[in-house]
Ligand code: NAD
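First comes one chain, alone, set out as structure tokens in the form predicted alone.
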Amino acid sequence: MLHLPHETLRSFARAIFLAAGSEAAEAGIIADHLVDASLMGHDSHGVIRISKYVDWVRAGLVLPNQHAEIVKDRGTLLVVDGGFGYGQVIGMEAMELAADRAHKHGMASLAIRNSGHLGRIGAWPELLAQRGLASVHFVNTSGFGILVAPHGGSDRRLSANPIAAGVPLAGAPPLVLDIATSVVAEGKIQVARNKGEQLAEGLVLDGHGQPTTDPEAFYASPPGAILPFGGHKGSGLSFFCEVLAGSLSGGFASNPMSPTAGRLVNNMLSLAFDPDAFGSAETFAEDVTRLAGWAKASPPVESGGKVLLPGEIEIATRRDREINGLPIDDETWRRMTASAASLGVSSPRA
């Protein structure tokens, strides 16, 4: 396991995406998003994705230098098409549009369709919280990201379908919820596979619908499936992510008959709210702060334990990794440096 400074990885990732055809600004946005995801402990959506993104670009599944295009505009409602560009760029541009509209009208609903991988979804409520907005986001994958068995099913029918939400806090980092409706993200299975580790029980089925802890079984032929979290509850939430992010946006729900079935496509429905439009931003912030304090004051179940609010683990992980470096397993590093070499980019010394 390597530990590399995040600044080193930012420069390395920028060079890779620049060599893969992105303009300088885009290369920086993608690199920063992936490194930040790793800093926050979301390794499944961090630098492990670099080599996969390069593969997608080469296959024509992700198109560099695309921008968010407004295809429907009804004031408080916007529909944006990503043109199969990098989700980090499309997501950032779309959130800026949503923030402007929410400040103007009090709230905004924005649907993104036909975006490349949107990365760590928690980044989007964070961005809106920095603009003083509360928000909730529903995401699906209408292309080949079909990975999850519905409750009671034994094979892949749904996507991992994350839900994220965030609120600003006065004088503190925003509170951010960022969860997949599957019991584990596919990227975490890839991380375990790269490390040669077994999975915990109750996460995945093999290609014959049987429980397994072997990440290789998930990627075998026939492929395995991830389970939804909380049984019928996670499965139901996942289904409505498909409806709200996919069907409603025009980007389609998970289905092998979808027009985008041959490529990875993310769709997202974002709802942004300006607290001032509902009452007072000050009153809102004070009440959320009281709620946070009230929840954290609960006596821990375990001696020496802590009550954690959404996003607090990520903040602590970021502080640690900024000091001690980002952990990268050998297989991820091998793939990353191989992608770099194929593009004529020199790798930093590990």
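All values derive from a computational prediction rather than experimental measurement. Position 1 is the first residue in the sequence shown; the rest follow in order.
Beyond what is shown, the protein has a form predicted together with the ligand; the following relates to that form.
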Is it the case in the predicted complex that Leu177, Lys188 and Glu314 each bring at least one heavy atom within 4.5 Å of the ligand?
yes
Taking 4.5 Å between heavy atoms as the contact cutoff, choose which of Gly224, Gly119, Gly234, Gly251 touches the ligand in the predicted complex.
Gly119
Pick from Gly143, Pro162, Gly85, Gly166: which residue has any heavy atom within 4.5 angstroms of the ligand in the predicted complex?
Pro162
Is Ser270 close enough to touch the ligand in the predicted complex, meaning at least one heavy atom pair within 4.5 Å?
no
Check Gly28 for me: does it contact the ligand in the predicted complex (non-hydrogen atoms, 4.5 angstroms)?
no
Within a 4.5 Å heavy atom cut-off, is Pro310 in contact with the ligand in the predicted complex?
yes
Wondering, does Asn114 line up within 4.5 Å of the ligand in the predicted complex on heavy atoms?
no
Of these, 284-292, 320-328, 65-73, 41-49, which stretch puts a heavy atom within 4.5 angstroms of the ligand in the predicted complex?
41-49
